[in-house]
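Take a look at this single chain, the form predicted on its own, given in structure tokens.
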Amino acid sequence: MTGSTEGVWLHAVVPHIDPATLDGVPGMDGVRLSVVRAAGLTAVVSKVPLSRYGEEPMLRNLEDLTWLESAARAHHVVVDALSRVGPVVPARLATVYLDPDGVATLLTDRRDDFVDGLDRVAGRAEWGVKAYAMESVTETPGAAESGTAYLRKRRAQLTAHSEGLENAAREASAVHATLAHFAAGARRHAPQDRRLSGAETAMVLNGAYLVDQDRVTEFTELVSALSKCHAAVRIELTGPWPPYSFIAGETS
């Protein structure tokens, strides 16, 4: 402990950065970004008050969904700006050090990990592909139908729904396998709950793909072709994103 009232929020690690790149990019709470250099690497940071970003207040903040959403958005703005000018290893959300020396020590101690990560994502970006089960259309049982007819029709509806999800899951796996073969890296994350995705049907694929920048057109065309030939799913493409899915643990 240094007794300082100011800590540093780590946004990302890059090989180097032109200071002009940071102009106009707000840090946490809108502060001006700064850098910490060590071991031939550069960390981009925001200076933050420990009264709000120290260990105890951060534990409270992490339970506040409104704060989390705002902090994640501010953090992403910085990482995204850096990813547009070169390779970047994003830090995990809410990575805070007591002082710049702690960041410098991280760069020195984990230099090989950072260099490997930067080499892995250089000239590449992350693209997201989500697939949702198509809504199965079945006739709603009528109020005037007999109990037996109602149960028979309801059973048919449930069977059709289950089979539809199974078909969607199989097609989602086929889509992922094809995209993973094309991409330089691939991750299949857990599907998002409908309350988070906002979709009316179940998500059956939540994939992330590391794509060479000179092959982006080929990748998007492949996604479009897969969307047309897989009728059981609706495919959604997002990106480009910083390589969040491909640097797990680099800054921990």
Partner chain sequence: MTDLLYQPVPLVDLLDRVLATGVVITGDVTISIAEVDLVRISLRALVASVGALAEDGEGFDVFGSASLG
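Numbering follows the first chain given and starts at 1. No experiment lies behind these values; they were computed from the predicted model shown.
Unshown form predicted together with the partner chain; subsequent notes refer to it.
Undergrad: Pick from 214, 193, 200, 221: which has a non-hydrogen atom within 4.5 Å of the partner chain in the predicted complex?
TA: Only one option qualifies, and that one is 193.
Undergrad: So which of 165, 122, 77, 115 gets a non-hydrogen atom within 4.5 Å of the partner chain in the predicted complex?
TA: Among 165, 122, 77, 115, a heavy atom within 4.5 Å of the partner chain in the predicted complex occurs only for 77.
Undergrad: Might residue 169 be said to contact the partner chain in the predicted complex, defining contact as any heavy atom within 4.5 Å?
TA: Because no heavy atom of residue 169 falls inside 4.5 Å of the partner chain in the predicted complex, the answer is no.
Undergrad: Give a yes or no for residue 92: in the predicted complex, does one of its heavy atoms lie within 4.5 Å of a heavy atom belonging to the partner chain?
TA: The answer is yes: residue 92 has a heavy atom within 4.5 Å of the partner chain.
Undergrad: Contact between residue 72 and the partner chain in the predicted complex at 4.5 Å, heavy atoms?
TA: Residue 72: yes, in contact with the partner chain in the predicted complex.
Undergrad: Is residue 32 one of the residues lying within 4.5 Å of the partner chain in the predicted complex, judged by heavy atom distances?
TA: Result no; residue 32 lies far from the partner chain in the predicted complex.
Undergrad: Along 226-241, which positions have a non-hydrogen atom within 4.5 Å of the partner chain in the predicted complex?
TA: Heavy-atom contacts to the partner chain in the predicted complex: 238, 241.
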